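Given next, in structure tokens, is a single chain: the form predicted alone.
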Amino acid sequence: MSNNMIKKVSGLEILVHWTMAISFFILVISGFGFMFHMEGVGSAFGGFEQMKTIHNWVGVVFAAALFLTIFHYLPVALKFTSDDAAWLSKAGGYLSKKAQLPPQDEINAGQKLLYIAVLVLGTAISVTGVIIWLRPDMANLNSAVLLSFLIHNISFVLFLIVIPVHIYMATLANPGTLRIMISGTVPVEWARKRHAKWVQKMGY
């Protein structure tokens, strides 16, 4: 590692992130296909039955990748400090360039909330997805399955709000952030401005 670069994430974290991202978009496209019975989307997957099979198994991949994030990101996200509260009170400095932001750890307060939202929604959509997958015949749906459909669809809609925000924040709103999930490294000075506590812990 050169003196002016610092490793932000591991190769495994990058793999898990892109596995979640790719599986998510496959699920979104097929999910829209089911929700609006889009013949074109169904045909692209080889028919609705084939799309259902792909949707279900890609959902398993997504759930597995989400599960792997728990070991590293959940303990970090749950460590919510007064600095995090102060960061949120100033909207992360996005509403004013003059805002004096408190130092942040490995991930900032906004990223912590985003991760928790993704974890909750991802868990909800995964669990209900399994229930729907194993549902009884459509003519004999019970209340648990009907509730699962409702939660699954609500989670899906909320994901369509959360993920575009994540993509925007990781690209246009914060130039340089995307490289974290490509090379795993960032310039030390870049990291000091955004994750001062973490950089200090790393000895830079």
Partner chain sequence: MGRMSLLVSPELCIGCRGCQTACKEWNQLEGEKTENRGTTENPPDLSPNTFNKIRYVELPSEKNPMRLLFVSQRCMHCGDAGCMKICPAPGALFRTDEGAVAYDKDKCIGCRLCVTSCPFNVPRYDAQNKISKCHLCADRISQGLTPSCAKTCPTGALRYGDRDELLGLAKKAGYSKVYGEKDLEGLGAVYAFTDSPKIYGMSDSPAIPEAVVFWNNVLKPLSYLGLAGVAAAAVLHYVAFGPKKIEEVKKDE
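Being a predicted model, the structure only gives us computed values, none of them experimental. Numbering follows the first chain given and starts at 1.
As for the form predicted in complex with its partner chain, it is not shown, yet the points below apply to it.
**Student:** Specify the contacting stretch among 90 to 98, 71 to 79, 122 to 130, 109 to 117, defined as having any heavy atom within 4.5 Å of its partner chain in the predicted complex.
**Tutor:** Stretch 90 to 98 is the one.
**Student:** Please tell me whether any heavy atom belonging to Val165 falls inside 4.5 Å of a heavy atom of its partner chain, as the geometry stands in the predicted complex.
**Tutor:** Answer yes; at least one heavy atom of Val165 falls within 4.5 Å of its partner chain in the predicted complex.
**Student:** Mark Phe156 yes when one of its heavy atoms lies within 4.5 Å of a heavy atom of its partner chain in the predicted complex, and no otherwise.
**Tutor:** Yes, Phe156 lies within 4.5 Å of its partner chain in the predicted complex.
**Student:** Report yes if any heavy atom of Val145 sits within 4.5 Å of a heavy atom of its partner chain in the predicted complex; otherwise report no.
**Tutor:** Taking the distances in the predicted complex, the answer for Val145 is yes, it comes within 4.5 Å of its partner chain.
**Student:** Against its partner chain in the predicted complex, would Phe48 count as a contact residue? Criterion: heavy atoms within 4.5 Å.
**Tutor:** It does: once its partner chain is placed as it appears in the predicted complex, Phe48 has a heavy atom within 4.5 Å of it.
**Student:** Just to make sure I understand: among 14 to 51, which residues lie within 4.5 Å of its partner chain in the predicted complex, judging by heavy atoms?
**Tutor:** Contacting residues: Phe32, Phe34, Met35, Phe36, His37, Glu39, Phe48, Glu49.
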